[in-house]
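Here you get one chain, nothing else, as structure tokens; it is the form predicted on its own.
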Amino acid sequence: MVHQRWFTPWVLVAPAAVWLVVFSAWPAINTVILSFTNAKPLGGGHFTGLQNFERALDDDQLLDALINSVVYMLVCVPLLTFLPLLLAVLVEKRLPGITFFRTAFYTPVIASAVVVAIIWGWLLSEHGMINGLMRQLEVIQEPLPFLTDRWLLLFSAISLTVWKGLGYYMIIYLSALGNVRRELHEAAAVDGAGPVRRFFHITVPGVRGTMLLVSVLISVSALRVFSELYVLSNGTGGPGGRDMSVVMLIQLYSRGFTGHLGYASALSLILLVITIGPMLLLTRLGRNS
């Protein structure tokens, strides 16, 4: 029997540990350090204390970005928590051809977010298919400004996020539904409970933990949204830049040779704190339910 040396496990773990430190731990620590400086992309800068955070308090653009991100989260969380569950219940049944529908619902998940956003941009433009179809049906007289109105652009991006995320969270729910005992459904059906009643009294309680997990994942993703708004607005952030998310604002301040890395890092910490809030709230609600 060959005895391994004491350092063998450490050698095996070392590559992953180095990767974690270089690409995760150090960037996180460096972001905290930079948030208290006026550093530029080309280096330099000096300690400025809380100046970046004080600047954030007076930044109207940041306020708009926070409103957009919060609205994004408040709309996406309920939709992407319940709609995928309904889809999962439908496609869980063993019916002829059900595999096709599972694949169809999941296909948007594997598509590139940028490519999908470009396609949606074509569909929602003033001369796109959506406006053209509604004008043909005489529903509208003038094209709707899906991509040039602040709130229409925001909700267009939300619709894209919901459509693209349905299949992903449906798969999560499918795995959770496998743990819900079928005997409970059969017993409830014998007692006269209909499909709706069985859904709310058996299915929902059976996947409550998964619903909490999904809600947390969605809230974090919604607050960190970038691609959808960036592509649909052609990188402008909508009219007057009022449709920017916080991540878009961070990218705006950090890019280029004259970027403000210090202020962008401070915004990153603010976003981190804001993201932790919904996670703690949802976790608390899950424990009390």
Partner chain sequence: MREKLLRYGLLLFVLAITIGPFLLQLSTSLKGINEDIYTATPRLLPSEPTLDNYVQVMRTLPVLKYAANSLVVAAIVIVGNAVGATLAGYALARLRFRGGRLVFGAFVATLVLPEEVTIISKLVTIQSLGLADTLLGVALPGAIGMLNVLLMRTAFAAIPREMDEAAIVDGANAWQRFTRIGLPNVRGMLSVITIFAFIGAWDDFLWPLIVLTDPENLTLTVGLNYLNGTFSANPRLIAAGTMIAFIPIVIVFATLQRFFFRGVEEGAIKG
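If you're wondering where the values come from, they're calculated on a predicted model, not measured in any experiment. Residue numbers count along the first chain shown, from 1.
If you look for the form predicted in complex with the partner chain, you will not find it shown, but the lines that follow are about it.
Candidate site formed by 70, 190 and 282: none of these residues places a non-hydrogen atom within 4.5 angstroms of the partner chain in the predicted bound form. Looking at 45 to 53, 236 to 244, 31 to 39, 58 to 66, the stretch with residues near the partner chain in the predicted bound form, meaning non-hydrogen atoms within 4.5 angstroms, turns out to be 31 to 39. The closest heavy atom approach of residue 196 to the partner chain in the predicted bound form falls outside 4.5 Å. Although the partner is absent here, residue 136 lies within 4.5 Å of the partner chain in the predicted bound form, judged by heavy atoms. Residue contact check for residue 150: none of its heavy atoms lie within 4.5 Å of the partner chain in the predicted bound form. The partner chain in the predicted bound form comes within 4.5 Å of a heavy atom belonging to residue 89. Just one of 75, 180, 144, 172 comes within 4.5 Å of the partner chain in the predicted bound form, counting any heavy atom, and that one is 172.
Residues of 5 to 26 placing a heavy atom within 4.5 Å of the partner chain in the predicted bound form, in sequence order: 8, 9, 10, 12, 13, 15, 16, 17, 19, 20, 22, 23, 24, 26.
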